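First comes one chain, alone, set out as structure tokens in the form predicted alone.
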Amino acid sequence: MNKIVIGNLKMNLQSIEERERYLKEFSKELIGKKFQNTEIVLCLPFVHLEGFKKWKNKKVIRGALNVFWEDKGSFTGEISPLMLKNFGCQYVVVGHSERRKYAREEDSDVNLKIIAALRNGIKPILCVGENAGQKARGLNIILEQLKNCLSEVSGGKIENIIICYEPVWAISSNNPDHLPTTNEIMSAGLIIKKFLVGKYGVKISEKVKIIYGGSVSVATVKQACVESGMDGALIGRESLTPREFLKIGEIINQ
């Protein structure tokens, strides 16, 4: 199975000028690099989707950071999956811990977004994981989130979803000592795989990419993503520095 490295640019790139500098630097850092076994995806703020669509770079796939569950209508301030599709987005992040925390999104909201994205041919990047208050419950919270978020998602659609383990308890601080151990990340991956096998069967579950998201850097990617057997990474802060982001991609691509 090919790997995937996804950049989560969050609420950054504050101007057109900053975006253009970023794209210029990204193009420069891409020269000579080949990712035969890895997809490189950048998920962007809505206001930059048109600018990135004009960026003719076949090595990078576009994605978005959020989506609504209706294709059009009287939903002030929302962005539909059809809009994302028409701006060339192939992926969208759903269920991220920051959306759950600040926008009060629930599993039921995430489920609607997943179904809407799939309906429009966009691949959801589903984030699941326990926060500090939930950690005492072990990995059962992940099973609850998967059950709720993947409700009504058929076996014919599940292979189009990327599942990202996001241990919120570990990434809520900048203390590198909070990085989960390889065994902790591997255990979460196995729990996710077990759920998928139980719901969809072995053959289908093998087609689903399971990745890690949380304080991934050049220094931590081997422990967090490679040694744990993950299929890639969702990268936040380091995605804003093209050189570091692509170094992470090269390590995962090996």
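Quick caveat, the model's predicted, so the values are computed rather than measured. Throughout, we count residues from 1 along the sequence that is shown.
Another form exists, predicted together with a small molecule; not displayed. Remarks below refer to it.
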Among 192 to 200, 211 to 219, 56 to 64, 29 to 37, which stretch sits within 4.5 Å of the small molecule in the predicted bound form, heavy atoms only? 211 to 219
Mark Gly236 yes when one of its heavy atoms lies within 4.5 Å of a heavy atom of the small molecule in the predicted bound form, and no otherwise. yes
How about Glu130: is it within 4.5 Å of the small molecule in the predicted bound form, going by heavy atoms? no
Is there a non-hydrogen atom of Ile122 within 4.5 angstroms of a non-hydrogen atom of the small molecule in the predicted bound form? no
Flag Ala170 as yes or no: does it have a non-hydrogen atom within 4.5 angstroms of any non-hydrogen atom of the small molecule in the predicted bound form? yes
